[in-house]
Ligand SMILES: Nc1ncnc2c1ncn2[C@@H]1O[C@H](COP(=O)(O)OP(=O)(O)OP(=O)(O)O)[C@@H](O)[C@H]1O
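This document starts with one chain, in the form predicted alone, laid out as structure tokens.
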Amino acid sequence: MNTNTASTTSSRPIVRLTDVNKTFGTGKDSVSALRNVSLSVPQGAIYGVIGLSGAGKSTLIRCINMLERPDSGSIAVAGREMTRLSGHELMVARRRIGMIFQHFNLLNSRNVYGNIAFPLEIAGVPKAKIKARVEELIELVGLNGRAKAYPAQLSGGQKQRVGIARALANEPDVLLSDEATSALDPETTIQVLQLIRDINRRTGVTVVMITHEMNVIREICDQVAVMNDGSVVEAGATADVFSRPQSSAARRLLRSQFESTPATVIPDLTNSDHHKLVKLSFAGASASAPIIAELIRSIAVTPNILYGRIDRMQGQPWGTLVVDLAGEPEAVKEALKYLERREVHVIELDVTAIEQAKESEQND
């Protein structure tokens, strides 16, 4: 592994799923875990797959490395059609796919060195090469001085670092992460995510992350697919999906991030030609530009900001504002077009629904 090579995301997919279906059980007891799933993961990307429990995420990741064989459809990884492989060919192909598990899956009878060395031993790598590779990986994941420690002597974060090193042992093309941070505390989660991002940048390995945590996606994923009831309902750049969710499933997942607007901040008003109550979503450059100030100078409208939240995603600002746009009808229309030209996502809010929510909050 060349640890001095910075990674770059290529438009060429290294993982491609096409119309993948997987059903467990038969007859009336059957459960469709995957329904016509298609997605492409660019080479060098950190690609997130998110959804609630039961959405099909774990089945999807197990199908990528053929731990579960799909009923139909095709799965290609690094140019190899996985669904056509079996026996020795499949075993060799799996060595190019690393796997990080939620509960570490370490061998308690082996120390750190032995756990990392295990897949290399299975692959028949000479001892001298194993030693050099394990020492390289121990340094890469920040476990210097812990080679002789056993899992019982390690913290959760250290155990996951061993799991990451083991997954990288055979220099995989793709690293699969199945809820790798779910068993960790928030501070350790950030450290592990930063480690994965650093490994991605230094080695160029593509990472596919399965998670139900929006904060994980926000922290390191370049792109994301949203799953619901076995289907991919939305996919795209993380900033686009976060700031402009198109599916109801994505909006539900994002509600705790910034989708929810407190009803009590909305004044008593009715949308009309002279007033438009809108939610403005910003990401990247549009979040840091003085767009509202420029709008006021350019168009005769009065934007009354009622609610707002700005956060950061991978160092880039993103957020939302709820604004009452007041002015002459033509000016209000022009203002909405101006905002869209500036790559601000505009949603006209349902005032009636907000009033009902406000009454509910007040009654509570």
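Just count from 1 along the sequence shown to find any residue number. Computed from a prediction, not measured in an experiment: that's the story for all the values here.
Here the subject shifts to the form predicted together with the ligand, a form of this protein not shown in this document.
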| Complete contact of V31, G54 and E179 with the ligand in the predicted complex (any heavy atom, 4.5 Å) | yes
| query | S58, N65, Q43, S40: which sits within 4.5 Å of the ligand in the predicted complex by any heavy atom? | reply | S58
| remark: Checking K129, H212, K148, H274 against the ligand in the predicted complex, the residue with a non-hydrogen atom inside 4.5 angstroms turns out to be H212
| task | Using a 4.5 Å heavy atom cut-off, indicate which stretch of 23 to 31, 292 to 300, 334 to 342, 320 to 328 touches the ligand in the predicted complex. | result | 23 to 31
